[in-house]
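The chain that follows stands alone, in the form predicted on its own, written as structure tokens.
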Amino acid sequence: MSEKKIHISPIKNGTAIDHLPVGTSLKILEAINVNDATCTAAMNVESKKMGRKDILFIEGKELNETEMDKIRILGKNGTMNIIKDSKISKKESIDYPNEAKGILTCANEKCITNKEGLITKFSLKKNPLSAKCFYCEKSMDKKEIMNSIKKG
């Protein structure tokens, strides 16, 4: 019996995200607005470097800084490639940003950002990941952060 392989075509313009932890690609697609883009997700695929990984291709959409920061929070240790005219124009190792603006919802129900609709602002610490609200100073751990990422 011959081995079957699936080949994914390279994208011409967009973003390719590789070396994502397994299960991350769907979380990223949920967190960013990709309604006007063609997306290909390869999940739980073999990786020499990681054992198993996810890969995500977003074709025909230039990501804004907010979307890229969501990817930086969700896809730690991955690689984000910005593709223009079928060539990598920018390559970035994914690491947590130092702050998150408008990306997270504060876990404190009484926070002014939840009451008056202000744009949220958090400072992030990287090891272990935690976030502190600029307004109410509520701290959130990694699990709370991952659950508070705003959709779309």
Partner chain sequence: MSLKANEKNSIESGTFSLTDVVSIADISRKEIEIVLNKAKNLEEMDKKEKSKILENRVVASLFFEPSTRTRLSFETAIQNLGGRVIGFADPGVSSFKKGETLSDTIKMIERYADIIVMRHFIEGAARRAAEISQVPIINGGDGANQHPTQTLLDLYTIKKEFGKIDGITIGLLGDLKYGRTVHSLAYALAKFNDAKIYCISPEQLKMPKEIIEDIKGKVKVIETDDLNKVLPELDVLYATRIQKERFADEKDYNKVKNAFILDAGILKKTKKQFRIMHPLPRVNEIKTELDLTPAALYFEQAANGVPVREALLAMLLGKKKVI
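Numbering follows the first chain given and starts at 1. Not measured: the values here are computed from a predicted model.
Only in words, not in the display: the form predicted in complex with the partner chain, which the text now covers.
Chemist: Which among 91-99, 53-61, 116-124, 37-45 is in contact with the partner chain in the model of the complex, heavy atoms within 4.5 angstroms?
Modeler: In short, 116-124.
Chemist: May I ask you to check whether Asn108 falls inside a 4.5 Å heavy atom distance of the partner chain in the model of the complex?
Modeler: Result yes; Asn108 sits at the interface with the partner chain in the model of the complex.
Chemist: Verify the contact flag for Cys136: yes if a non-hydrogen atom of it lies within 4.5 Å of a non-hydrogen atom of the partner chain in the model of the complex, no if not.
Modeler: Contact check for Cys136: yes, within 4.5 Å of the partner chain in the model of the complex.
Chemist: With a 4.5 Å heavy atom cut-off, would you call Met68 a contact of the partner chain in the model of the complex?
Modeler: Taking the distances in the model of the complex, the answer for Met68 is no, it never comes within 4.5 Å of the partner chain.
Chemist: Considering non-hydrogen atoms and a 4.5 Å limit, does the partner chain approach Leu29 in the model of the complex?
Modeler: The answer is no: Leu29 has no heavy atom within 4.5 Å of the partner chain.
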